[in-house]
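In structure tokens, the next block holds one chain alone, the form predicted on its own.
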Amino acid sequence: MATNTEKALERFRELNKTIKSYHEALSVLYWDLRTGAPRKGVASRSEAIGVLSSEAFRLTTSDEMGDLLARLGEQETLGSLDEINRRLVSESKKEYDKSKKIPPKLNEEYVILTSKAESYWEEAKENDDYASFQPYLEKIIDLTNQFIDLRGVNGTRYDTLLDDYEPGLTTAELDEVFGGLRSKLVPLASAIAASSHQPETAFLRQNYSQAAQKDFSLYILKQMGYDFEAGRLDESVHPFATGLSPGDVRITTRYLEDDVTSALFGTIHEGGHALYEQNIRQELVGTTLCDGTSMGIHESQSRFWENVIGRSRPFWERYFGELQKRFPGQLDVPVEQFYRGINVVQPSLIRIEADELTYNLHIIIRYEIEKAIFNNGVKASELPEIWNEKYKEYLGIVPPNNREGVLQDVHWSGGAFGYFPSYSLGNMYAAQFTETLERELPNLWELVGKGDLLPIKTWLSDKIYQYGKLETPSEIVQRVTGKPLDPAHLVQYLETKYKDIYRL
């Protein structure tokens, strides 16, 4: 006969599975909205997303869920559960406590608004029309501020948002980390700019067939170990990955006919996200633990595959010939010239196409703007001017229009305030994981040079991917590398790589 604890656990798992099923259905709707839904269907689709999201929210914050979490969360009961159920209860309790403070109608209003706003952002970006998007952004900021007030401020207002993407992270910690990064990277960038050994990049700016770009992107994904029976590659305005379950992880990319590298590295980046989610252990499928543990760890995988592997010299010693076959007569340069060309360091306007070194400055700019919005009350109407000022201060360039400035990223239209720091954290995690990977897989670069990438995926699956949300980011970093996150690994990686490329 089942005990009261067993009955409570069984019912809790049923509710959790239902919530996960709603989220899976919502992911399909979001993916379709971003990749192919007709413009006239946006309003109706957004309403449907709002209804389904509200049902998931209702279950997450229901009295029954609260009662089950209270019973299962008692110290003696929680201690008797296995690792997966214990973690599932604690994660669900955190989500319950956070969401319970938000009125359901307000949550539904927010979901519908952000669903619509992403489509209006696409249109505003295409037309370079910030004024048409500004009212949506103002409302998103207003609702986000209401959520912060309801949840309660712990530290600064922006700390509340950071916790959604990197649990426990604070602005005080980020200010110190970003300050240290800036102090190291700015002098390195200056030395690079003064170098007489600047890579030649003109050959990258030709007319490259979109069909051939897609063919090569598909080829590289297969080489990485992306499972096309559990995913697909589509096109969108802004590349993204959507994980429904390990058996269905979809990615998109963006093709530019005058740039052979944009779609390629965008595809590898999103492929890194997808490998993470395709390789979560089966025991977590159907639970809310079947996801990346944080956006920083998630971005560590996309940035690792895109930059550490995808922009490495051994990678292109193996794959440059394959790329040349797709574009006969267009890439008749030595592989070393190509390698140096795709790793050129120079200030640029577009974050997703920035080099590894200055990329972090793009993130710091967004971080400082988001802090100003929520800690200092900066208004949406002020953002284009502030954006341009910061680009001039940090990168020495000014966007000629809002399309290449404040409208370039999708994140704010979806309400993802607090997300951007995850990208730089991902770079730091990736560098630290790489140091351990090189030690534990001493023939790493020989494998890459032969195009044998699967041992890398296997190592990452064993060390990171399989765990989903079973461990926190700090627990994963400590277990895998033997020490807490240390930004010095990223600085060392960048200095070693770029001093070689620029012969400093």
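Since the model is a prediction, treat every value here as computed from it, not as a measurement. The numbering used is simple: start at 1 and walk along the sequence shown.
Only in words, not in the display: the form predicted together with another copy of the chain, which the text now covers.
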Among 370 to 378, 132 to 140, 241 to 249, 310 to 318, the region lying within 4.5 Å of another copy of the chain in the model of the complex by heavy atom distance: 241 to 249
Within 4.5 Å of another copy of the chain in the model of the complex, heavy atoms considered, which of Leu441, Leu447, Ala70, Val28? Val28
Gly418, Gly405, Gly231, Gly225: which sits within 4.5 Å of another copy of the chain in the model of the complex by any heavy atom? Gly231
Kindly indicate whether Lys463, Lys469 and Glu475 are, all three, within 4.5 angstroms of another copy of the chain in the model of the complex, using heavy atoms. no
Would Lys17 count as touching another copy of the chain in the model of the complex under a 4.5 Å heavy atom rule? yes
Does Thr436 make contact with another copy of the chain in the model of the complex, using a 4.5 Å heavy atom cut-off? no
Are any of the heavy atoms in Arg45 no more than 4.5 Å from a heavy atom of another copy of the chain in the model of the complex? yes
Touches another copy of the chain in the model of the complex: Gln492 (any heavy atom, 4.5 Å): no
Using a 4.5 Å heavy atom cutoff, which residues in 28 to 63 contact another copy of the chain in the model of the complex? It's fine if the answer is none. Val28, Leu29, Trp31, Asp32, Thr35, Gly36, Ala37, Pro38, Arg39, Lys40, Gly41, Ser44, Arg45, Glu47, Ala48, Val51, Leu52, Glu55
